[in-house]
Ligand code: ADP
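So this first bit is one chain, no partners, the form predicted alone, shown in structure tokens.
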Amino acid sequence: MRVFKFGGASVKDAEGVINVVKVLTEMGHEDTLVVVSAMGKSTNAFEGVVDTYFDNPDSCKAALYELEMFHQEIVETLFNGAHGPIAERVKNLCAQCETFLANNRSPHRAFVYDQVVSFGELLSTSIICAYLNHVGIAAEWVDARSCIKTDNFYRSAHLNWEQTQSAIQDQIQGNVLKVTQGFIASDENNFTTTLGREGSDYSAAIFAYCIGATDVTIWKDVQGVLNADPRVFDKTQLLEHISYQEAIELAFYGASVIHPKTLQPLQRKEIPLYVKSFLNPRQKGTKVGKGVRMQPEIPCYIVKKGLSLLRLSTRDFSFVVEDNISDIFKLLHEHKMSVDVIQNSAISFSVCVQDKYRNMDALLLSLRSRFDVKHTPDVSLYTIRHFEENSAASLLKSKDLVLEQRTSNTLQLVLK
């Protein structure tokens, strides 16, 4: 079996759904599992519903109605009026979300987030599966929550590989095209969990590993893996081949084309990963697999924005040694901070973090009970793999450098 993954940009509207059918028709759809993300920016919109629920609950119904209308308009365009069952399905899914919010008693934002945001994938796959059958391509809808089992670490759940493999092998059988969701899973109590933002790639890799897929293709709005994000950098170049190890390094530093967790299960079974354009499916794209490290070997630019830089120093000018560092990392873990760069000297310690769970104020309070802390918010981390001497020149012209770190082939700059 093959695994195809289509992201939100590929199914952002009715035209995108029609193009997915075109890609499947052109590339073949037998013995294929399709993993699909939420449509367009609907994940952001469902995140907005969560914010509204905690900040202004009276507005939740209106926010959900807008999301329902967005999906119903796509249904109307695709089915030309003959859309009774799928229109009802969309209505029922939005009603389920509304019922959950009306009856929820959990104060935990991460739990509510997973229950609500997951409806984006449920809606998109329901519409796409119905449309495939409508145009004569037999397809079966599969609930990823019954296949991928995790713990209850909401928003970044950890996989139970044994249960997941058993469930997937039981449910993914036959040669009929299967359509399922990326990003979502469930815990032992069958509450919905999610695998982290942009986790649909990881979902595709999980399914591929468990069914022993021949290959995985991630369909994007770019021609493949580029050496930089074209939305940020003016000149970019296609990477034709990347080794698993190099791709893992790029993902670790934040390259957005491939999710950081995606590559490990594929590498274990040596399942090749292709990144291709859904606009030009016959183009070669990028292959990630065994072999040459990277071709061509050129500098690769990765940027993470909206981070915070913390500089800590001891008040008595004592050394920042193992005990201090251990305590610092314990606090970072307790406050669910994602760590991107660390740097320490004899009496100071710097760390660049992402505050995904909005715990910065609580973290600063804890740290300042023991250390002098300087907090610089809203910094950007630029990572340059295979850097050359002039690789960072253009970046340093327009921004202030607040931290630099380099190894033999990786340069990292924290800029404000």
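All residue numbers are counted from 1 along the displayed sequence. These numbers come from a predicted model, not from an experiment.
Another form, the form predicted together with ligand ADP, is not on view; read the next lines as being about it.
The partner is absent here, but in the model of the complex a heavy atom of Ser256, alone among Ser256, Asn133, Ser146, Gln163, sits within 4.5 Å of ligand ADP. Taking Leu312, Leu226, Leu309, Ala87 one by one, only a single residue has any non-hydrogen atom within 4.5 Å of ligand ADP in the model of the complex, and it is Leu226. Not one of Arg155, Lys336 and Asp355 comes within 4.5 Å of ligand ADP in the model of the complex, counting any heavy atom.
Contact check for Glu73: no non-hydrogen atom falls within 4.5 Å of ligand ADP in the model of the complex. Residue contact check for Val222: one or more of its heavy atoms lie within 4.5 Å of ligand ADP in the model of the complex. Interface residue remark: Glu198 is counted as part of the site for ligand ADP in the model of the complex, having a heavy atom within 4.5 Å. Contact annotation for Arg231: at least one heavy atom lies within 4.5 Å of ligand ADP in the model of the complex. Annotated contact segment (heavy atom within 4.5 Å of ligand ADP in the model of the complex): 213 to 221, selected among 125 to 133, 328 to 336, 314 to 322, 213 to 221.
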